[in-house]
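The chain below stands alone, shown as structure tokens; this is the form predicted alone.
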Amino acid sequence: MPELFGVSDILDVISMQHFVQNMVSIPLIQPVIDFLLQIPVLGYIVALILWKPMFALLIFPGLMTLLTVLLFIIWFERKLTARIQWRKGPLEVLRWAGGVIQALADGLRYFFQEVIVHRDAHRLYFLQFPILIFIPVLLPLLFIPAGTIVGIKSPYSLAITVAVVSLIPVFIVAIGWASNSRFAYIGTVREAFMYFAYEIPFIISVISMILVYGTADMVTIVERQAIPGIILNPIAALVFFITTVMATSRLPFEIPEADQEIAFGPFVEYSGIMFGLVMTIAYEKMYILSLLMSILFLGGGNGPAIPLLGDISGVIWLFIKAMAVMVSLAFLRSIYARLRLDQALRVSWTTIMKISLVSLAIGVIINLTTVGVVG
């Protein structure tokens, strides 16, 4: 008869020592951490937060960093666009700091506004999908390594992350269907067309890099990048960047939303905090894809070691690289006009598809000549 677990066995599994053995190392503040660990309840909380899987989920690249990036990139995009167009952009909220917390003020406003569900909407799904979409948004963050910090290690972490991210457009289409509005339907159909147009070249570019590194484990990919992936396969980097622009509805591919035509596309019927949630979907996806691009093509958390920061050194380098990619994506909003749907589809199914196949050929050649080992 199998032996049952007792309460003491469970406590042993979740003991503080279990978390301490795999904690984030930060030499700069290690004396403070050691002191806090001696305090009974507070020590357990500190050990749990600094436990690498929990740190990845809550701090970086997880929830807290995601929220901080959202507040910054929305403000930065508005400010940059305004400056290029000779305007001031957000200014009134915290004027002395250039309106930097404008996005936070907008979020608070959305929170206290009434959520209106129009009578023709599929009410249950209309309210559920904006919340459920956070599952494919947050889950990939567990597999993305920031130096030595990673939530879940898997030899298929890259494939799992790409598969989960690919579910986000499915939820967007479902949101448009639940709205049961002709304008939401237009945006939904556009999203579906764009999804099929960019997803195949995007996946091909990822496969080409899997061939280059000989693995789909993102931790190993970063370790093998003695030479950044953008140098090894610049064509794949170009395809990945362009398809990221399409996937996040950045101009010139802001086709599903198209403010001047269908007023925010699939999300046109949403209001209040629900609108606040769906509005940030593209930015959340941008954050995840920027992290992926940094890992595949820019060396991930690789960079000059900062001894005092310990494990946080890799976090800093990955964050800087991801932010550089996000700023580049935001810059496109100010310099390109929107393409028509047929133009975007033609570009994707012809030019981008051909370029992605070239990147795949480069990946195959590198794989055969290096036996899958780079660096």
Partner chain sequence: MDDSVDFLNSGIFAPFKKWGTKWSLWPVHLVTACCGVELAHAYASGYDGERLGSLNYGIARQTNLIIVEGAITRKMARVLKITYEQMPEPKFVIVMGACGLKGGLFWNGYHMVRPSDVVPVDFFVPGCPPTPESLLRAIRALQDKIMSGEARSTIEFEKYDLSGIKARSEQPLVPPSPRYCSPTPPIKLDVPRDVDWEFGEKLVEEMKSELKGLYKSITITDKNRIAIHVEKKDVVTIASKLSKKFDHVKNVNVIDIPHEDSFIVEYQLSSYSVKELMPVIVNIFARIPRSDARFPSLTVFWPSADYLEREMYDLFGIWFDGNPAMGERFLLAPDTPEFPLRKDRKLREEQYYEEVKQ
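Residue numbers count along the first chain shown, from 1. Just so we're clear, the structure is a prediction, and the values are computed from it rather than from any experiment.
One more form of this protein, predicted in complex with its partner chain, exists but is not displayed; see below.
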### Query
All three of I29, I33 and Y44 touching its partner chain in the predicted complex at 4.5 Å, heavy atom to heavy atom?
no
### Message
Is it the case that Y270, even though its partner is missing from this view, gets within 4.5 Å of its partner chain in the predicted complex, heavy atoms only?
### Response
yes
### Query
With the partner left out of view, is Q102 within 4.5 angstroms of its partner chain in the predicted complex by any non-hydrogen atom?
yes
### Query
Taking heavy atoms and a 4.5 Å cut-off, does G299 contact its partner chain in the predicted complex?
no
### Message
If we define contact as a non-hydrogen atom of the residue within 4.5 angstroms of the partner, is P130 a contact of its partner chain in the predicted complex?
### Response
no
### Task
Considering its partner chain in the predicted complex, find the one stretch among 209 to 217, 222 to 230, 287 to 295, 84 to 92 with heavy atoms no farther than 4.5 Å from it.
84 to 92
### Heavy atom within 4.5 Å of its partner chain in the predicted complex - the one residue of V170, I116, I135, A163 that qualifies
I116
### Task
State the residue from Y110, Y195, F76, Y283 whose non-hydrogen atoms include one within 4.5 Å of its partner chain in the predicted complex.
Y110
